[in-house]
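Heads up, the chain below is alone and in the form predicted on its own; it's given as structure tokens.
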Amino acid sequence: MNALRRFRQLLAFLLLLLILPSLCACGAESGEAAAEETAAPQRVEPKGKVYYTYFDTVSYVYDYAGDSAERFDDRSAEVSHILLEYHQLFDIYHEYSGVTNLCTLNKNAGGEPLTVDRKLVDFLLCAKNMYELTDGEMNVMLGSVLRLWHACREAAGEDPQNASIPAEEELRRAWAHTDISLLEIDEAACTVRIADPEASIDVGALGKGYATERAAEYLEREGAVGYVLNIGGNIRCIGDRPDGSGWVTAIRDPDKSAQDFACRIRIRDTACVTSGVYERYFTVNGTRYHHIIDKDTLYPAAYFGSLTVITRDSALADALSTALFCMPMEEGMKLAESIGGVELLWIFPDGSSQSTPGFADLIEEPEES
């Protein structure tokens, strides 16, 4: 991990420490006011755990329901185990003893089918479904293109003065190895093969959200309510706060500092995922190049500054936040309407914004000073 990545990870961690408690407190104040009016039980102080090693980000598990310390420890430990398992399965840079993961599959590209864990088969089938759902905008086989941009971003972190972007001809050659049909899955035999030796899988647009949803499913099976998962900014609420007030979270203004928010929204029993130009990027000759690559141009998508998705399934929210970021707003609106249960906020490069009616209903009006 280079120095720039370590700095960004530390900055993200410090930002989460600053933002999350204040947002939870914001929701708590409203909940307390409601409790006074309805004589609801007194608010329970939340418990929390933090993990630093999954998906190259910081992950939080919060309990607002008042579980015993022992039960919360057990449940958060299982969430940690689930995240670790999927972190290892989805890792494209490292292999692990006894695990056939995406790194193994990429190294074996062009070779014979490999037997993999059923969980990885299920995930890759989900990835293919997301490809179809988004008309190819969310394509896990874009790895050959994305690794060119990743290499340039890493090099820029080491030597900003000599930063460069991939050559056009390199990108076009890489694009020839991104067809989803190159990912061959035998569901019955639990085997996976990448048919082209130049092709590779990259699941950055789906993996974290998918793992988050699997952790949420575990908590729901356990009967947990009043829990919140924040896996590197992928927020998944399980049920509601005990007082019924939901949780308030903030949508960052992509053109301003990390402490400036475009709006605050109140959510419950759903997922919230934002994709933006401000997370992973590098600069060449004064131009910023972020990490969300448009399949049609093979360059960073230029439609929006950020896009936020609210829908119950965290995997779907993760996939759509990338896919719709690479589509004109009108097309994204039609796709969301065809799926149903999806609310969106688009923030444009000029700072203006537009949302679906259901998203607008979630926005918290600022209190008068």
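Just count from 1 along the sequence shown to find any residue number. Computed from a predicted structure; not experimentally measured.
Note that the form predicted together with adenosine-5'-diphosphate (ADP) isn't included here; everything after this is about it.
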Contact flag, residue 81 vs adenosine-5'-diphosphate (ADP) in the predicted bound form, heavy atom cut 4.5 Å: no
Contact flag, residue 255 vs adenosine-5'-diphosphate (ADP) in the predicted bound form, heavy atom cut 4.5 Å: no
In the predicted bound form, residue 308 touching adenosine-5'-diphosphate (ADP) (heavy atom, 4.5 Å): no
Contact test in the predicted bound form: residue 216 vs adenosine-5'-diphosphate (ADP), heavy atoms, 4.5 Å: no
Among the candidates 204, 246, 157, 166, the residue which, in the predicted bound form, approaches adenosine-5'-diphosphate (ADP) to within 4.5 Å (heavy atoms): 204
Residue (of 225, 103, 293, 199) lying close to adenosine-5'-diphosphate (ADP) in the predicted bound form, criterion heavy atoms within 4.5 Å: 293
Region of this chain that lies against adenosine-5'-diphosphate (ADP) in the predicted bound form, out of 45 to 53, 59 to 67, 339 to 347, 316 to 324 [heavy atom, 4.5 Å]: 316 to 324
Within 4.5 Å of adenosine-5'-diphosphate (ADP) in the predicted bound form: residues from 262 to 276 (heavy atom criterion): 275
